[in-house]
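First, one chain by itself: the form predicted alone, in C-alpha coordinates.
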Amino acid sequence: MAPYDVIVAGGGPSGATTAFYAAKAGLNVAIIDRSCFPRDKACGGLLTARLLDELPELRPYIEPVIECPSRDVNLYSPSLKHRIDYVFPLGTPWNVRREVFDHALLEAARDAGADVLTETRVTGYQFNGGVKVTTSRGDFRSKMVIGATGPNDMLAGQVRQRRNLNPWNDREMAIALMWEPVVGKEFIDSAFGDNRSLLVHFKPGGIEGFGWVFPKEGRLNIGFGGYKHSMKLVKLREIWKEYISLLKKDGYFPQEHPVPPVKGAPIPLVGPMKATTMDHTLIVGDAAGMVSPLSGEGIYYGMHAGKIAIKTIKNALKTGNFTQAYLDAYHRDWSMVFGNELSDLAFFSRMVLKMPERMVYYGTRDKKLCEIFADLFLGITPGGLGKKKPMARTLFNAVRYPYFGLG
(Lines give C-alpha, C1' and ligand atoms only; values in the text may rest on other atoms or scores of the structure.)
Protein backbone atom coordinates (compact mmCIF):
# COMPACT_ATOMS: atom_id res chain seq x y z
CA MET A 1 0.00 0.00 0.00
CA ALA A 2 1.31 3.46 -0.91
CA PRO A 3 1.96 5.66 2.13
CA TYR A 4 -0.62 8.23 3.13
CA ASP A 5 0.24 11.88 3.19
CA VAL A 6 -1.37 12.16 6.62
CA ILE A 7 -2.72 9.73 9.20
CA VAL A 8 -4.94 11.25 11.88
CA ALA A 9 -5.12 9.27 15.12
CA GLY A 10 -8.48 10.05 16.71
CA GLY A 11 -11.91 10.46 15.13
CA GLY A 12 -13.40 13.04 17.49
CA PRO A 13 -14.19 16.60 16.37
CA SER A 14 -10.56 17.74 16.25
CA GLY A 15 -9.30 14.73 14.34
CA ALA A 16 -12.28 14.52 11.98
CA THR A 17 -12.00 18.22 11.16
CA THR A 18 -8.27 17.89 10.43
CA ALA A 19 -8.95 14.94 8.14
CA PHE A 20 -11.84 16.78 6.45
CA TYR A 21 -9.77 19.84 5.52
CA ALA A 22 -6.74 17.73 4.57
CA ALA A 23 -8.85 15.62 2.20
CA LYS A 24 -10.48 18.73 0.74
CA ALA A 25 -6.98 20.04 0.04
CA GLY A 26 -6.36 16.97 -2.12
CA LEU A 27 -4.21 15.06 0.35
CA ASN A 28 -4.27 11.29 0.80
CA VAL A 29 -5.62 10.96 4.34
CA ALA A 30 -6.60 8.21 6.76
CA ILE A 31 -8.33 8.68 10.09
CA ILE A 32 -8.07 5.93 12.69
CA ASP A 33 -10.16 5.53 15.84
CA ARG A 34 -10.60 2.64 18.26
CA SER A 35 -14.33 3.26 18.75
CA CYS A 36 -17.35 2.10 16.79
CA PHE A 37 -19.26 5.15 15.53
CA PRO A 38 -21.76 6.48 16.38
CA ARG A 39 -20.26 6.63 19.85
CA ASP A 40 -21.06 8.83 22.81
CA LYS A 41 -18.70 11.12 24.69
CA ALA A 42 -18.91 12.68 28.14
CA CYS A 43 -19.39 16.34 27.24
CA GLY A 44 -21.91 19.16 27.63
CA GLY A 45 -22.48 19.25 23.88
CA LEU A 46 -22.64 23.03 23.60
CA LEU A 47 -21.34 24.73 20.45
CA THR A 48 -20.31 28.37 20.34
CA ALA A 49 -21.69 30.38 17.45
CA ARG A 50 -18.25 31.27 16.11
CA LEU A 51 -17.65 27.62 15.26
CA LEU A 52 -19.95 27.99 12.26
CA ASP A 53 -18.35 31.32 11.35
CA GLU A 54 -14.80 29.96 11.37
CA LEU A 55 -15.59 26.61 9.72
CA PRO A 56 -18.23 27.43 7.09
CA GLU A 57 -17.28 24.42 4.97
CA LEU A 58 -18.69 22.16 7.70
CA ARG A 59 -22.01 23.99 8.02
CA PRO A 60 -23.88 21.44 5.85
CA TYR A 61 -22.90 18.71 8.31
CA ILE A 62 -23.26 20.65 11.58
CA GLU A 63 -26.50 22.58 11.11
CA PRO A 64 -28.71 19.48 10.54
CA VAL A 65 -27.61 17.94 13.87
CA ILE A 66 -28.18 21.06 16.02
CA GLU A 67 -31.05 20.22 18.36
CA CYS A 68 -31.87 23.71 19.64
CA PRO A 69 -30.34 27.07 20.56
CA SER A 70 -30.09 28.31 24.14
CA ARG A 71 -30.88 31.99 24.42
CA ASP A 72 -30.04 32.66 28.07
CA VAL A 73 -28.10 31.34 31.04
CA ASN A 74 -28.69 31.26 34.81
CA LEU A 75 -25.48 31.29 36.88
CA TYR A 76 -25.89 30.33 40.55
CA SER A 77 -23.50 31.14 43.39
CA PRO A 78 -22.41 28.21 45.64
CA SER A 79 -24.85 29.25 48.39
CA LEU A 80 -27.68 29.67 45.83
CA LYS A 81 -28.34 33.11 47.35
CA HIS A 82 -27.29 34.92 44.17
CA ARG A 83 -28.12 34.23 40.54
CA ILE A 84 -27.13 35.91 37.32
CA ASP A 85 -29.86 35.79 34.66
CA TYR A 86 -28.34 36.72 31.34
CA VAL A 87 -29.93 36.81 27.88
CA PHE A 88 -27.42 36.39 25.08
CA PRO A 89 -27.61 39.47 22.84
CA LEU A 90 -25.66 37.63 20.14
CA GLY A 91 -23.53 34.55 19.79
CA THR A 92 -26.31 32.17 20.78
CA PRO A 93 -24.86 28.77 21.75
CA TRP A 94 -26.20 25.64 20.06
CA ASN A 95 -26.98 22.29 21.69
CA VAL A 96 -25.93 19.02 20.07
CA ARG A 97 -25.69 15.41 21.15
CA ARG A 98 -22.07 14.33 20.86
CA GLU A 99 -23.05 10.89 19.61
CA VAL A 100 -24.74 12.48 16.58
CA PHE A 101 -22.38 15.45 16.16
CA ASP A 102 -19.16 13.42 16.17
CA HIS A 103 -20.56 10.91 13.71
CA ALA A 104 -21.60 13.72 11.36
CA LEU A 105 -18.06 15.13 11.37
CA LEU A 106 -16.56 11.73 10.72
CA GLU A 107 -18.90 11.30 7.75
CA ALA A 108 -17.85 14.76 6.54
CA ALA A 109 -14.23 13.57 6.49
CA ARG A 110 -15.28 10.43 4.63
CA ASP A 111 -17.28 12.44 2.09
CA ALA A 112 -14.27 14.69 1.51
CA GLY A 113 -12.21 11.63 0.56
CA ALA A 114 -10.54 10.47 3.79
CA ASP A 115 -10.23 6.76 4.51
CA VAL A 116 -12.01 6.10 7.81
CA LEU A 117 -10.89 3.15 9.93
CA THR A 118 -12.97 2.71 13.07
CA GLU A 119 -12.72 -0.09 15.66
CA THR A 120 -8.98 0.08 15.02
CA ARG A 121 -6.54 0.58 17.87
CA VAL A 122 -3.19 2.32 17.33
CA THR A 123 -0.49 0.51 19.29
CA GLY A 124 2.68 2.31 18.25
CA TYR A 125 4.60 4.68 16.00
CA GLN A 126 8.00 4.33 14.37
CA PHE A 127 9.78 7.30 12.78
CA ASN A 128 12.33 6.65 10.05
CA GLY A 129 12.11 9.03 7.11
CA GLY A 130 8.34 8.91 7.59
CA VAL A 131 5.99 7.24 10.04
CA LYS A 132 4.91 3.63 10.45
CA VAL A 133 1.67 3.42 12.42
CA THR A 134 1.11 0.02 14.02
CA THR A 135 -2.55 -0.86 14.57
CA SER A 136 -4.81 -3.78 15.38
CA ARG A 137 -5.43 -4.02 11.62
CA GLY A 138 -1.78 -4.04 10.63
CA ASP A 139 0.77 -1.39 9.75
CA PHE A 140 0.14 1.82 7.79
CA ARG A 141 2.69 4.32 6.55
CA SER A 142 2.44 8.07 6.20
CA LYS A 143 4.56 11.17 5.82
CA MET A 144 2.90 12.88 8.78
CA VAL A 145 0.77 11.94 11.78
CA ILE A 146 -1.71 13.99 13.79
CA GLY A 147 -2.37 13.22 17.46
CA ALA A 148 -6.03 13.79 18.32
CA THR A 149 -7.04 11.07 20.78
CA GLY A 150 -7.57 13.24 23.86
CA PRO A 151 -5.61 14.06 27.03
CA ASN A 152 -3.83 10.69 27.12
CA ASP A 153 -2.76 10.81 23.46
CA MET A 154 0.27 8.62 22.75
CA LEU A 155 1.82 11.07 20.29
CA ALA A 156 1.34 13.97 22.70
CA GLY A 157 3.24 11.94 25.28
CA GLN A 158 6.12 11.53 22.83
CA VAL A 159 6.10 15.26 22.08
CA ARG A 160 6.35 15.95 25.82
CA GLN A 161 9.38 13.70 26.12
CA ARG A 162 11.04 15.21 23.05
CA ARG A 163 10.33 18.80 24.09
CA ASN A 164 11.02 18.34 27.84
CA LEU A 165 7.46 19.10 28.95
CA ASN A 166 6.03 17.71 32.18
CA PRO A 167 2.77 15.73 32.07
CA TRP A 168 -0.35 17.37 33.49
CA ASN A 169 -0.80 16.85 37.22
CA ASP A 170 -3.97 16.58 39.34
CA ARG A 171 -4.14 20.36 39.79
CA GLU A 172 -4.12 20.85 36.03
CA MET A 173 -6.52 18.07 35.05
CA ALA A 174 -10.27 18.01 35.64
CA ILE A 175 -12.79 15.20 35.61
CA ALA A 176 -16.20 15.81 34.02
CA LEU A 177 -19.10 13.52 34.98
CA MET A 178 -22.37 13.67 33.07
CA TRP A 179 -25.39 11.87 31.69
CA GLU A 180 -28.12 12.63 29.15
CA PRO A 181 -31.38 11.19 30.47
CA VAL A 182 -34.43 11.24 28.21
CA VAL A 183 -37.10 13.37 29.91
CA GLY A 184 -39.32 14.23 26.95
CA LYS A 185 -39.90 17.42 25.02
CA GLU A 186 -43.02 18.26 27.03
CA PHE A 187 -41.04 18.42 30.29
CA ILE A 188 -38.26 20.49 28.73
CA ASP A 189 -40.78 22.91 27.22
CA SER A 190 -42.35 23.36 30.64
CA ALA A 191 -39.16 23.61 32.72
CA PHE A 192 -36.82 25.45 30.35
CA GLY A 193 -39.20 27.30 28.04
CA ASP A 194 -38.60 28.35 24.47
CA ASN A 195 -35.26 29.87 25.48
CA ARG A 196 -33.91 26.46 26.51
CA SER A 197 -32.17 28.21 29.40
CA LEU A 198 -28.72 26.96 30.42
CA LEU A 199 -28.07 26.38 34.14
CA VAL A 200 -24.65 26.65 35.80
CA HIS A 201 -24.07 26.01 39.54
CA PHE A 202 -20.67 26.95 40.95
CA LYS A 203 -18.95 24.57 43.39
CA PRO A 204 -21.66 21.93 43.83
CA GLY A 205 -20.83 19.86 46.88
CA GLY A 206 -17.80 22.05 47.47
CA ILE A 207 -15.80 20.77 44.49
CA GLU A 208 -13.51 23.22 42.72
CA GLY A 209 -15.61 23.48 39.58
CA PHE A 210 -19.24 23.76 38.50
CA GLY A 211 -22.34 21.80 37.64
CA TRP A 212 -24.46 22.33 34.55
CA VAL A 213 -27.77 21.53 32.92
CA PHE A 214 -28.00 21.96 29.14
CA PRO A 215 -31.46 21.17 27.71
CA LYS A 216 -31.69 19.47 24.31
CA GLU A 217 -34.92 18.67 22.50
CA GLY A 218 -36.04 15.66 24.55
CA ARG A 219 -33.03 15.14 26.79
CA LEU A 220 -31.14 16.92 29.52
CA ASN A 221 -27.36 17.05 29.55
CA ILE A 222 -26.58 17.12 33.28
CA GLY A 223 -23.13 17.04 34.78
CA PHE A 224 -20.48 18.53 37.00
CA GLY A 225 -16.75 18.76 36.80
CA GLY A 226 -13.83 19.93 38.85
CA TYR A 227 -10.10 19.71 39.25
CA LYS A 228 -8.93 16.17 39.85
CA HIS A 229 -7.24 16.94 43.18
CA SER A 230 -10.54 18.37 44.45
CA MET A 231 -12.66 15.51 43.11
CA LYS A 232 -10.49 12.97 44.94
CA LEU A 233 -11.43 14.48 48.30
CA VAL A 234 -15.21 14.07 48.00
CA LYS A 235 -17.76 11.30 47.58
CA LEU A 236 -18.78 11.89 43.98
CA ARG A 237 -21.81 9.61 44.03
CA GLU A 238 -23.29 11.51 46.98
CA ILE A 239 -22.68 14.88 45.31
CA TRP A 240 -24.32 13.57 42.13
CA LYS A 241 -27.41 12.50 44.10
CA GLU A 242 -27.52 15.86 45.89
CA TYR A 243 -27.27 17.71 42.59
CA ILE A 244 -30.14 15.73 41.08
CA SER A 245 -32.18 16.37 44.25
CA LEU A 246 -31.53 20.12 43.91
CA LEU A 247 -32.67 20.05 40.30
CA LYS A 248 -35.82 18.14 41.26
CA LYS A 249 -36.57 20.64 44.03
CA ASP A 250 -36.25 23.55 41.60
CA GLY A 251 -38.32 21.80 38.93
CA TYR A 252 -35.50 21.17 36.47
CA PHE A 253 -35.57 17.36 36.65
CA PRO A 254 -38.66 15.10 36.69
CA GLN A 255 -39.65 14.04 40.21
CA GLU A 256 -40.48 10.49 39.18
CA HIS A 257 -37.16 9.82 37.41
CA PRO A 258 -34.49 7.80 39.25
CA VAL A 259 -31.01 9.24 39.68
CA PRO A 260 -29.29 8.57 36.34
CA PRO A 261 -25.88 6.91 36.15
CA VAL A 262 -22.83 8.93 35.19
CA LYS A 263 -19.91 8.60 32.82
CA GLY A 264 -16.74 10.61 32.95
CA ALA A 265 -13.87 12.00 30.93
CA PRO A 266 -10.60 13.77 31.79
CA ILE A 267 -10.15 17.38 30.66
CA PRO A 268 -6.92 19.41 30.75
CA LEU A 269 -7.66 22.83 32.25
CA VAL A 270 -4.27 24.51 32.52
CA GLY A 271 -4.12 25.83 28.97
CA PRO A 272 -2.41 24.44 25.87
CA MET A 273 0.91 22.62 25.70
CA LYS A 274 3.95 24.85 25.22
CA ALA A 275 4.94 22.78 22.20
CA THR A 276 2.63 20.86 19.85
CA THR A 277 5.02 19.48 17.24
CA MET A 278 7.93 17.15 16.69
CA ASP A 279 9.34 15.65 13.49
CA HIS A 280 6.50 14.45 11.21
CA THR A 281 3.96 15.19 13.98
CA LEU A 282 1.30 17.73 14.99
CA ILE A 283 -1.02 17.61 18.02
CA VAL A 284 -4.56 19.03 18.00
CA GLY A 285 -7.53 19.41 20.37
CA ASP A 286 -7.72 18.04 23.91
CA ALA A 287 -4.49 16.13 23.27
CA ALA A 288 -2.74 19.51 23.09
CA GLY A 289 -4.72 21.06 25.96
CA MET A 290 -6.76 23.31 23.66
CA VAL A 291 -9.59 23.68 26.15
CA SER A 292 -11.07 26.72 27.90
CA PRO A 293 -9.88 26.50 31.53
CA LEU A 294 -13.01 28.42 32.55
CA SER A 295 -15.82 26.52 30.81
CA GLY A 296 -14.11 23.27 29.77
CA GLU A 297 -15.19 23.92 26.17
CA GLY A 298 -12.74 22.46 23.68
CA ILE A 299 -14.75 21.69 20.56
CA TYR A 300 -14.21 25.08 18.93
CA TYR A 301 -10.49 25.29 19.72
CA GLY A 302 -9.74 21.73 18.61
CA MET A 303 -11.70 21.99 15.38
CA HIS A 304 -10.24 25.39 14.53
CA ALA A 305 -6.73 24.06 15.18
CA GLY A 306 -7.45 21.21 12.76
CA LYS A 307 -8.25 23.70 10.03
CA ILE A 308 -5.24 25.88 10.89
CA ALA A 309 -2.95 22.83 10.70
CA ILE A 310 -3.61 22.28 6.98
CA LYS A 311 -1.42 25.20 5.91
CA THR A 312 1.62 23.74 7.66
CA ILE A 313 0.83 20.20 6.49
CA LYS A 314 0.60 21.30 2.85
CA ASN A 315 3.83 23.30 3.07
CA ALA A 316 5.66 20.37 4.65
CA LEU A 317 4.49 18.01 1.92
CA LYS A 318 5.39 20.53 -0.79
CA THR A 319 8.92 21.14 0.52
CA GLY A 320 9.58 17.68 1.92
CA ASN A 321 10.58 19.31 5.20
CA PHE A 322 9.02 17.48 8.14
CA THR A 323 11.38 18.68 10.85
CA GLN A 324 10.15 19.93 14.18
CA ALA A 325 11.55 23.40 13.49
CA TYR A 326 9.62 23.67 10.22
CA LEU A 327 6.39 22.28 11.66
CA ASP A 328 6.55 24.78 14.53
CA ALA A 329 4.85 27.18 12.11
CA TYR A 330 1.63 25.37 13.06
CA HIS A 331 2.21 26.13 16.76
CA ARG A 332 2.80 29.78 15.99
CA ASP A 333 -0.30 29.96 13.77
CA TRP A 334 -2.81 28.59 16.29
CA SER A 335 -1.14 30.53 19.12
CA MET A 336 -1.68 33.74 17.20
CA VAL A 337 -5.38 32.96 16.71
CA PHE A 338 -6.41 31.79 20.19
CA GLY A 339 -3.30 31.13 22.32
CA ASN A 340 -3.56 34.37 24.30
CA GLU A 341 -7.28 33.78 24.76
CA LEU A 342 -6.67 30.42 26.45
CA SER A 343 -3.93 31.90 28.62
CA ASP A 344 -6.23 34.70 29.76
CA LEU A 345 -9.04 32.24 30.44
CA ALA A 346 -6.71 30.21 32.68
CA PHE A 347 -5.98 33.36 34.68
CA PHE A 348 -9.64 34.35 34.98
CA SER A 349 -10.71 30.80 35.83
CA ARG A 350 -8.48 30.79 38.90
CA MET A 351 -10.02 34.07 40.00
CA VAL A 352 -13.62 32.91 39.51
CA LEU A 353 -13.12 29.59 41.29
CA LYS A 354 -11.43 31.28 44.24
CA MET A 355 -14.40 33.55 44.90
CA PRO A 356 -17.45 32.36 42.93
CA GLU A 357 -19.91 33.64 45.55
CA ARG A 358 -18.55 37.16 45.25
CA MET A 359 -18.25 37.07 41.45
CA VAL A 360 -21.86 35.99 40.97
CA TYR A 361 -22.98 38.58 43.53
CA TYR A 362 -21.20 41.30 41.59
CA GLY A 363 -22.75 40.02 38.39
CA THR A 364 -26.28 40.41 39.78
CA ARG A 365 -25.60 44.13 40.20
CA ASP A 366 -23.41 44.88 37.21
CA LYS A 367 -24.73 44.39 33.68
CA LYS A 368 -21.27 44.90 32.21
CA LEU A 369 -19.80 42.11 34.32
CA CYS A 370 -22.63 39.85 33.13
CA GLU A 371 -21.59 40.54 29.55
CA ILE A 372 -17.98 39.75 30.43
CA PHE A 373 -19.05 36.45 32.05
CA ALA A 374 -21.00 35.45 28.95
CA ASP A 375 -18.17 36.47 26.64
CA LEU A 376 -15.61 34.49 28.60
CA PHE A 377 -17.80 31.39 28.74
CA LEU A 378 -18.81 31.49 25.07
CA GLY A 379 -15.80 33.12 23.44
CA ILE A 380 -17.80 35.75 21.59
CA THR A 381 -14.89 38.20 21.19
CA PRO A 382 -12.27 36.87 18.71
CA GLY A 383 -8.94 36.52 20.46
CA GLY A 384 -10.51 36.93 23.88
CA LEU A 385 -11.08 39.88 26.18
CA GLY A 386 -7.59 39.95 27.65
CA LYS A 387 -6.91 40.11 31.38
CA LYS A 388 -7.30 43.83 31.96
CA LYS A 389 -10.99 44.20 31.18
CA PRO A 390 -12.39 41.49 33.50
CA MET A 391 -9.86 42.35 36.22
CA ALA A 392 -10.69 46.04 36.09
CA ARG A 393 -14.42 45.34 36.26
CA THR A 394 -13.97 43.01 39.23
CA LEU A 395 -11.87 45.57 41.09
CA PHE A 396 -14.47 48.23 40.28
CA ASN A 397 -17.14 46.09 41.93
CA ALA A 398 -14.92 45.29 44.92
CA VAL A 399 -14.68 49.04 45.60
CA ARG A 400 -18.33 49.61 44.74
CA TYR A 401 -19.55 46.88 47.12
CA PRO A 402 -16.96 46.73 49.92
CA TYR A 403 -19.43 45.01 52.25
CA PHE A 404 -19.97 41.78 50.38
CA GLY A 405 -23.59 40.66 50.30
CA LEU A 406 -24.95 43.93 51.61
CA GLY A 407 -24.51 46.17 48.58
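All residue numbers are counted from 1 along the displayed sequence. Owing to the predicted nature of the structure, the values given are computational and were not obtained by experimental measurement.
Form predicted in complex with a small molecule: not shown, discussed below.
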Item to check | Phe192, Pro215 and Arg365 all contacting the small molecule in the predicted complex, non-hydrogen atom within 4.5 Å | outcome: no
Checklist entry - Of the options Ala42, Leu342, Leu353, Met359, which one has a non-hydrogen atom that comes within 4.5 Å of the small molecule in the predicted complex? => result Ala42
Item to check | Candidate from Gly211, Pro93, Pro293, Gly298 lying within 4.5 Å of the small molecule in the predicted complex - any heavy atom | outcome: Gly298
Checklist entry - Is there a heavy atom of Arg34 no more than 4.5 Å from a heavy atom of the small molecule in the predicted complex? => result yes
Next on the checklist: Taking any heavy atom pair closer than or equal to 4.5 Å as contact, tell me whether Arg121 reaches the small molecule in the predicted complex.
Outcome noted: yes
Item to check | Interface membership of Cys370, the small molecule in the predicted complex, 4.5 Å heavy atom rule | outcome: no
Checklist entry - Does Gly150 make contact with the small molecule in the predicted complex, using a 4.5 Å heavy atom cut-off? => result yes
Checklist entry - Thinking of the small molecule in the predicted complex, which stretch from 333-341, 199-207, 264-272, 164-172 has heavy atoms inside 4.5 Å of it? => result 264-272
